[in-house]
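Consider the single chain below, provided in structure tokens and representing the form predicted alone.
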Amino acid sequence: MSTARDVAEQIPPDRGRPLPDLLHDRRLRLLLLASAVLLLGGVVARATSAQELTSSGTFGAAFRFAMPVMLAGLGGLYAERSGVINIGLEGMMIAGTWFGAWGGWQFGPWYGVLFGVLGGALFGLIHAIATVTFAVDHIVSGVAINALALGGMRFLSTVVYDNVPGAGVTQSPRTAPIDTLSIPFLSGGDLFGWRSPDMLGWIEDRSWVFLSDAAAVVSGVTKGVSWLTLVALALVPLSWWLLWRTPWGLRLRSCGENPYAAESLGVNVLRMKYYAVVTSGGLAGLGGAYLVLVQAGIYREAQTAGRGFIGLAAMLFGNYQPTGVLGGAALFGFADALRIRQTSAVHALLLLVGILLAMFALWTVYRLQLQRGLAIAAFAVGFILWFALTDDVPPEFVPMTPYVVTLLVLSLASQRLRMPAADGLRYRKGEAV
């Protein structure tokens, strides 16, 4: 009979050194990591005089900029969990911007939200008909959706906004905004008509390292928050519950893992894929409506600026998990807000990214992944030297900041990517292989 020691010797060694038992809690590790990044960001902000790097204004703008990307990413999550690749999210967002602006102009902002969702869902339905019913290649259909949406919205603008004051072929009239709220006592919100103190703002003004930065984070996400932002945030736990805690979600995910096994158990795979892809389009359309009704107040042609594709990147970064999608979108939103708020803060971001990459390189080497660690260290040195040898970032590079940050983080996070097994495969009922 084998002893416990004999069995233990047969277990292959871990690729790296074990973590202390306390750090095996994933949520605790994430909290510690976020705290460390915030502390480092505060130190860098004060050392470089780039106060906007950790200001409440930056975090508030990042919060708003992250929402459309998160909604597109959630849309991609539903489609790909069912086995359908949806690179047509950009086109569905474009449809959401146009229909959201039209509905907001005609009937009011919340009707604009509804019409934006319906516009995106319509293009999701087209994608579902092509990929699910006619088994068209998913990538080809997605590219066609993007082209169709761009041309279709230009045509609709030509027809609808002809001779409308303040509108034209490339833009809509102004729409009414959605109301915002601030939390009383935390962010100076109104309480029964009385203006409460802004406690978080007071702490932020003290410029205490980490404590003021943490107050800035909370203030940014509790001051002047749109009601639509709260609706969008609620979709994250709702999606997690729906996909992982309900029979409907189990059936949908089974279609993305093994549709023929799901079919043998009585799941209507075609119907589930339709549900998922139409929901995907509706969420992307909601992201487009958010761009119009919360951020811009007007529809402009091509105002999505690739956010549908960034939503896909956020989904990959989050490893096909709703909370991960939110995290990926937050990174993009922060970089996007930074380039708007303060150009010098983008230069300080080089130092912050360099230090974080250096720390990650040390961690990778500690985990005995020497080749990967050296490659990351080379990038860290490059960013630090870029910061040290320059006084600012060329203006031509500043608009690229959110996209470069997204690609950089995605490249580091792709090592643990686990996509659904049948994602992108054509399915025909009754033709099990």
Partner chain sequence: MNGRLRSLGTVLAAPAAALVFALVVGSIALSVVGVNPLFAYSEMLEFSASANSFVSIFNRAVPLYISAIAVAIGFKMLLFNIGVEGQYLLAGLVAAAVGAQLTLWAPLHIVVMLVVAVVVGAVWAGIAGILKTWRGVHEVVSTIMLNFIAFSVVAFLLKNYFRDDPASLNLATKPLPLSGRFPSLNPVLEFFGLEPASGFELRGYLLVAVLLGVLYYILVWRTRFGFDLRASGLNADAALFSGVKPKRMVVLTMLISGGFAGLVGMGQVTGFFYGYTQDFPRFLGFDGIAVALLGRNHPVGMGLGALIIGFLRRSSQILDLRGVPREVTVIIEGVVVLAVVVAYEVVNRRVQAAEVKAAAEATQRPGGVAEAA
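Residue numbers count along the first chain shown, from 1. What you see is a predicted model; the values in this text were computed from it and never measured.
Quick note: we don't show the form predicted in complex with its partner chain, though the next part is all about it.
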Item to complete: Pick the stretch from 285 to 293, 150 to 158, 223 to 231, 207 to 215 whose residues have a heavy atom within 4.5 Å of its partner chain in the model of the complex.
Response: 150 to 158
Practice prompt. Give a yes or no on whether every one of P237, L331 and R341 sits within 4.5 angstroms of its partner chain in the model of the complex by heavy atom.
Written response: no
Response to the item:
in the model of the complex, the residue from L312, L349, A276, V117 with a non-hydrogen atom within 4.5 Å of its partner chain is L312
Discussion item. If the cut-off is 4.5 angstroms on heavy atoms, which of these, G297, G306, G201, G166, is the one near its partner chain in the model of the complex?
Written reply: G306
Worksheet item: With the partner left out of view, is E396 within 4.5 angstroms of its partner chain in the model of the complex by any non-hydrogen atom?
Response: yes
Fill in: Distance check, I145 to its partner chain in the model of the complex, heavy atom within 4.5 Å
yes
Worksheet item: Should A176 be counted as a contact of its partner chain in the model of the complex, where contact means heavy atoms within 4.5 Å?
Response: no
Discussion item. If we define contact as a non-hydrogen atom of the residue within 4.5 angstroms of the partner, is L410 a contact of its partner chain in the model of the complex?
Written reply: yes
Worksheet item: Can you name the residues of 216 to 239 that have a non-hydrogen atom within 4.5 angstroms of its partner chain in the model of the complex?
Response: none
